[in-house]
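The data below hold one chain only, encoded as structure tokens and taken in the form predicted alone.
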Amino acid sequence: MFTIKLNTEFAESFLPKESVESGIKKALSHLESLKNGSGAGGEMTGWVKLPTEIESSLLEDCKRIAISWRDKLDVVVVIGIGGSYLGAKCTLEALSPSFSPNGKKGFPHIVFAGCSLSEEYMSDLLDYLKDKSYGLVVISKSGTTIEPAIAFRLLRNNMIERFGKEETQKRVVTITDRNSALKKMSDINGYYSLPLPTNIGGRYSVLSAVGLLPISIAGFDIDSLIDGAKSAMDNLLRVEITNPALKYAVLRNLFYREGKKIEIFINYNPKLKFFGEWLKQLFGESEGKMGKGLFPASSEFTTDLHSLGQYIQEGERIMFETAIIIENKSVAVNIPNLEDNYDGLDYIVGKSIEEINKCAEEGTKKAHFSGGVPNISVSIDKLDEYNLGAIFYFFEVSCAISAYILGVNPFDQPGVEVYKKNLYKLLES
């Protein structure tokens, strides 16, 4: 069942109705191009039909590795940067209890490395692992990107010193291109390797082995994740004017042309904080090129209403909001009665915190709307694997269409290489 809902009630009134209607009709061709792979970067659209084309053997491989490591390892370190870690990271943050290690109870604690060049972070990680039985999932298209490569060097040496080469073979899985330096090294050392599809870029890879293996190791249901993506695929590849992913892509571009240069992805649940990080990479790398593109930001409400709220309400009118909404709660914590009513809040006794959160959501939407900030909402039924699979796919499709409307290739990132070249030149000097 397709559970995603797009609400544009507090957004469309900022735009001429005829612009929205004509924009959607024009964008149908971009959806068709995405669907048949004929648009710019079409060779990198393997993710489009992945939910129905993913091999059952890959899913079974991920589950087999998860089972074999479950009782053997305390910790699994996922090494990767950008799209090689953000999809898994945001999924684990969304599904895990707030004050417990990432992952289900009884499964290895998942931590991440290779996503920065912080010496303190790496030192702290090595110190944390001293008394832990741990394994590595190394994700890199080439194996030569400096952040994950450094992390792998350090952790592989540490593992060999502690466990020996033979045991290390059983504790390392790589996910990489079949012709990469990492794959060649894996073969020489006997590490198990899963394929990183050549027709899927990192930021669109969460539903491939890149996301599926860490999510499975953490104890979550990857079959349900894929099923959610399938439900979205069945609905979002329809070349119809009622397609919500198409409409969202069109509205984003219309706001951009109207001078709204910043899109703030907001949520009302701290578990979605890293989903905002995933969205920033998805849209930032896909659209930010050729001097074009919305600047993607993220914010957590109501927390950030006490810091950024003033600017959003009354600052420069250069932004719009896209809220990620979870419609149904899974728990209930009700407000108790206090004899002295010192805070004057007896009128909310018996209400759940989520009821109050929903009122905050509605009140914020109305306040920002009155302040000239358009507000789009994308909602899912609840926070679980199925709905995450669906919303991942929704934003991937929307992003690709939006980039096509903008006139850029959604699947390259030439600007990322500039800092790398400068870094390597400085290191070699």
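Numbers for residues come from their place in the sequence shown, where the first is 1. Computed from a prediction, not measured in an experiment: that's the story for all the values here.
Unshown form predicted together with another copy of the chain; subsequent notes refer to it.
Participant: Ok, G135, P197, G293, G103: which has a heavy atom sitting within 4.5 Å of another copy of the chain in the predicted complex?
Facilitator: Filtering the options by heavy-atom distance leaves G293.
Participant: Exactly one residue in M159, A218, I81, A323 has a non-hydrogen atom within 4.5 Å of another copy of the chain in the predicted complex; which is it?
Facilitator: Filtering the options by heavy-atom distance leaves I81.
Participant: If you check in the predicted complex, is K72 within 4.5 Å of another copy of the chain, heavy atoms only?
Facilitator: The answer is no: K72 has no heavy atom within 4.5 Å of another copy of the chain.
Participant: Please run the contact check for R153 against another copy of the chain in the predicted complex: heavy atoms, 4.5 angstroms, yes or no?
Facilitator: Close contact exists here: in the predicted complex, R153 approaches another copy of the chain to within 4.5 Å, heavy atoms only.
Participant: Does any part of M233 reach within 4.5 Å of another copy of the chain in the predicted complex? Heavy atoms only, please.
Facilitator: Because no heavy atom of M233 falls inside 4.5 Å of another copy of the chain in the predicted complex, the answer is no.
Participant: So in the predicted complex, does G407 come within 4.5 Å of another copy of the chain, heavy atom to heavy atom?
Facilitator: Result no; G407 lies far from another copy of the chain in the predicted complex.
Participant: Among 204-212, 233-241, 218-226, 333-341, which stretch has residues whose heavy atoms lie within 4.5 Å of another copy of the chain in the predicted complex?
Facilitator: Result of the contact check: 333-341.
Participant: At 4.5 Å, heavy atom to heavy atom, what parts of 399-429 sit next to another copy of the chain in the predicted complex? List them in sequence order, or say none.
Facilitator: In sequence order, Q413, P414, G415, V416, V418, Y419, K420, N422, L423, Y424, L426, L427, E428 come within 4.5 Å of the partner.
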